[in-house]
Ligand SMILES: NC(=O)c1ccc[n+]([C@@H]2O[C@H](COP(=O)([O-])OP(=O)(O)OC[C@H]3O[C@@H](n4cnc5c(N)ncnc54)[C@H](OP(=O)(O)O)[C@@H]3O)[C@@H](O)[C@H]2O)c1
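One chain follows as structure tokens, the form predicted on its own.
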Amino acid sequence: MHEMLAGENVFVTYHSNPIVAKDSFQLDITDRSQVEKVFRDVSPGVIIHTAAFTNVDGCESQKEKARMVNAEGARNVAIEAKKYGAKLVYISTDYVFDGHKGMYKEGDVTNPINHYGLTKLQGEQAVVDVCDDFIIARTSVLYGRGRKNFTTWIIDELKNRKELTIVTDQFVSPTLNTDLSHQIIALIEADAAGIYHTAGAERISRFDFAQKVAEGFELDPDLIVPYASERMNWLAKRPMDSSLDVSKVSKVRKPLRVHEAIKTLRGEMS
């Protein structure tokens, strides 16, 4: 996203892994004094809040850490955003929904079934309660070049001719990270506000998505073995269909369909 904001003064923060960037700050968002100091140093006009504890099973076993990072951390940032009159973009998740129906719209009732989803919803509520100008951007199965994720794991395993077991009964809206960035930039430029589902344009099972990744990267889809989610040894429950309706954001910026996103990713990784 840094490159997409060329011409703007962009400052980035990190928690424990230093970012190679000219204007970067180490920041623990659970420490109110640190948040206050960074805001004093930067005086931002727009904040894109991506920091989160996203390990779903980890959130289930470390509930207080999840609450502090995802809920209290978001509140700390929201308080400073309001103080400085800045727009806050809070990146949230499809896991705020229970997964009983899928293709969720922004106004649908939230009902998280795991602690990760609960703490992210609490973060959303903190932003709504505190901020005057905000965007809550809910996304789903974020992937792309760089940090290891569902898609890079699939590619790496298949390149090494390893067999994968992928669930067939969990439906999501996989989102390319650069596509998410383009959607968020478009919303900021349009001075949008409120809740938006900023995800990929298609509802698809994790298994079918893995198959499309294999095909798009010319790898062997026969190495992908279908699996039922009830056989997975997960600590936290997962929503069975947390796919997101993106018709609202599409009026500002059309999200990529699966084949478009995979083709884009392959180009970015070449």
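Small disclaimer: the values here were computed from a predicted structure and weren't measured. Start at 1 and count along the sequence shown; that's the residue number.
Beyond the structure shown, there is the form predicted in complex with this ligand, which is absent from this document and is the topic of what follows.
- Taking the partner from the other structure, this ligand in the model of the complex has no heavy atom within 4.5 Å of any heavy atom of K254.
- Proximity of R147 to this ligand in the model of the complex falls within the 4.5 Å heavy atom cutoff.
- Not displayed here, this ligand is approached by L142 to within 4.5 Å at the level of heavy atoms in the model of the complex.
- The closest non-hydrogen atom of A51 lies within 4.5 Å of this ligand in the model of the complex.
- Contact annotation for the candidate site: T30, I91 and K120 all lie close to this ligand in the model of the complex (heavy atom within 4.5 Å).
- Checked against this ligand in the model of the complex, the residues A201, I204, V38, V69 give one hit for a heavy atom within 4.5 Å, which is V69.
- Contact with this ligand, judged by heavy atoms within 4.5 Å in the model of the complex, is confined among 80 to 88, 134 to 142, 185 to 193, 99 to 107 to 134 to 142.
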